[in-house]
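Presented as structure tokens, the chain that follows is alone, the form predicted alone.
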Amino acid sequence: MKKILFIGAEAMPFAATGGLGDVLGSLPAEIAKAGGEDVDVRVMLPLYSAVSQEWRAQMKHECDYQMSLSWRMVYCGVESLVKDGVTYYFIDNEYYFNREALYGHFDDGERFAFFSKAAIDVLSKLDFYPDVIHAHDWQAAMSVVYLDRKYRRIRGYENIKTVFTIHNIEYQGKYDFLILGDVFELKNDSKYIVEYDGCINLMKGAIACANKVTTVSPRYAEEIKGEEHSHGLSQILNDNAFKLCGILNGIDYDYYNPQTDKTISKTYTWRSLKNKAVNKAAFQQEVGLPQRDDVPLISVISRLASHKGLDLITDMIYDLLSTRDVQFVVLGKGDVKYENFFRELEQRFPDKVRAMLIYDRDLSKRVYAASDIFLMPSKSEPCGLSQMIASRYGVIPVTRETGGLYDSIKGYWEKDGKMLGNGFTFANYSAAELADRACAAIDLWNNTEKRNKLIGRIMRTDFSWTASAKKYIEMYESL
């Protein structure tokens, strides 16, 4: 039996803030399902205060002890529960994890140094030595480094292989060398492992130590070798290109399922698109937009940040709303300048626009179910899940050809009367190109026959974890 241990900072449904949580909440279960009795899949997470009492009541206390972290002796507890064939371990320390937010604290370096070391150290207490450790993003990067620099010569640890996945290369875990020993418990002879561009770089350390480095889409794996997308890590990635690959993320097909979703007004499939129209009418009533089924509802569901392409949207949306008969809704929080822009946009077009500047998972599914066209013009996008979720709910995506957007959405066209592609795409980072493709999507939407045929294609596109899980299993086997 192959034993796989995932180490990461968040996972649905326990505690999550974004795409990483979606991945660690669904990929392990899919691998357990695909591997059957041939795999033993487990996940290591921090026990945040955000983990509800409902989950805590199901946990089993595995052990607790005092663990060293540099000059400190700190409490380390381990709780566990089994869900969907996967064993989840929660590393408990209230000083580090009993906080309102998962990230953004002054001592995040120390918090995740503790978590990363504990994730490796407790394996001997649990008598569980995996064949492969699969660590995710900078918060778990030091687990790969600690295994290599501190535990390799200890019985049980010597043959463990490691995979490190980069979800978002922008966040690398950079710190001053003054805390190399005090916080990260590394001696000067290990300094070169994490040294990069004059500072400690935890992600660089994991890239150097891991047996395999992956990203969340094939296109992104190629893009981050270049300076434009690497955020300074292109040199180390090119030096380690032989162990770099990209595997496209999937989405949880049980959670995102318009056929069974209890949060939407009317369930539907690609064969019953009239029921999707019921969701549109209900949402229009909910937010006070005119209940019209003869105009397309265009949506944006995103963190409101420049790299998500919000500047392209703000550059073209006035003209689109002024010249085309459409409705527009934006859901998300972020930069104040974008929040203010969409507030003012709603005031200027009160019968066409709604700005919902909040983060609400259930509301997002109602927006997907109601929408006709979805805009996602990201400047960079490692994988992107929103375009997959939109497709699952029968929304026509308009995306830029970058990262995972390029790998998942192919431009609509017709050849010999046959419809190809599953959305509308554009290459250059240009508001004019976004506007052109959005108008093309609107024109197609206004043709009922073509609209229903394309939506059927879109909803039948497979964005489940099934194919990706098989690729991960093949990669683990290769190690």
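What you see is a predicted model, and the numbers here were worked out from it, not measured in a lab. The first residue of the sequence shown is number 1, and the count goes up from there.
Same protein, other form: the form predicted in complex with a small molecule, not shown, and the subject of what follows.
The stretch that touches the small molecule in the model of the complex, counting heavy atoms within 4.5 Å, is 161-169, out of 85-93, 161-169, 354-362, 200-208. By the criterion of a heavy atom within 4.5 Å, M459 is excluded from the residues contacting the small molecule in the model of the complex. Interface residue remark: P382 is counted as part of the site for the small molecule in the model of the complex, having a heavy atom within 4.5 Å. Taking the partner from elsewhere, L20 is found to have a heavy atom lying within 4.5 Å of the small molecule in the model of the complex. Under a 4.5 angstroms non-hydrogen atom cutoff, the small molecule in the model of the complex lacks S299 among its neighbouring residues. Note on contacts: among A140, V216, I396, I224, the single residue with a heavy atom within 4.5 Å of the small molecule in the model of the complex is V216.
Contact annotation: of the candidates S408, S391, N249, Q327, the single residue with a non-hydrogen atom within 4.5 angstroms of the small molecule in the model of the complex is N249.
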